[in-house]
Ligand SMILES: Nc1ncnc2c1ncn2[C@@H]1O[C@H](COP(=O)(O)OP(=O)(O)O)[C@@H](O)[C@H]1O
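Presented as structure tokens, the chain that follows is alone, the form predicted on its own.
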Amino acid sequence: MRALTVYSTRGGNGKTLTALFLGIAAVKRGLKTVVIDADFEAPSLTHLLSNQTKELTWVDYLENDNIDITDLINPNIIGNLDIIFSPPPRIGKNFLGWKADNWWKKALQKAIVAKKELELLGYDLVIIDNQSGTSYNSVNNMVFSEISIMVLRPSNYGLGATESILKEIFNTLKGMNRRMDYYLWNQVHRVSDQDERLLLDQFLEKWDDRLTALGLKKLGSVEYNIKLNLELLNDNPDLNDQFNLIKDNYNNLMDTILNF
């Protein structure tokens, strides 16, 4: 069983959809897959999926020793793609600010137990929809996973803090078990003008050099798709239909991941 985490340095880069579309690409290859919403500040899966039937969440499991992992797993209309949700943030409190250090240590220990239990249940792939930025939570999820994917949009204001965040995270992960850390360009602008193409290519090449110097490997890129983004405005978006709009991209990404 492989575990991968999808994260970003800031919100709005598309990590949740990336996690879900990678999950769909995996199950279409016959891999039994579970996606865990581990973003405690801004959980998004409940806004995209209406299949939450289990009351217990990932946070409940991390906080309690007597909860069976099967009591968290929600089946999905997409066969073999199961979901574990997290609760909405508690009103008036910053979740990451009022948890003591020892809570996060226990949470990591519990997550490792969950990983073993999910493997025993026959899962081939666990995908963590991680929290943006750097925190106890995001680093825990990186430790949990052998593979990480940082989702980036090509914009200077979104990449300004990337290097410092990555240095903090990878200093923590240094010396741990064999792993592969990727970055993915997402929502890349579609341009036809030659000058605009040159500007975009120069920007991407500059950051490709800086990111690979930090030890990341380029996973690929996904262009901005206006039809996909408009369909997400529906109350109950059909993820299978949306996946078909960009399936070639995500099938190629999954091929690269599975070769690790």
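Throughout, we count residues from 1 along the sequence that is shown. In this text the structure is predicted, and so the values were computed from the model without any measurement.
There is another form of this protein, the form predicted in complex with the named molecule, and it is not shown here; the text below is about that form.
None of the heavy atoms of N140 is located within 4.5 Å of the named molecule in the model of the complex.
Under a 4.5 angstroms non-hydrogen atom cutoff, the named molecule in the model of the complex lacks V34 among its neighbouring residues. At least one heavy atom of V222 is located within 4.5 Å of the named molecule in the model of the complex. Contact check for Q187: a non-hydrogen atom falls within 4.5 Å of the named molecule in the model of the complex.
Put simply, of L211, V27, V59, L228 only one has a heavy atom within 4.5 Å of the named molecule in the model of the complex, and it is L228.
Contact with the named molecule, judged by heavy atoms within 4.5 Å in the model of the complex, is confined among 49-57, 228-236, 66-74, 195-203 to 228-236. Heavy atoms closer than or equal to 4.5 Å to the named molecule in the model of the complex belong, across 14-52, to the residues G14, K15, T16, L17, ordered by sequence position.
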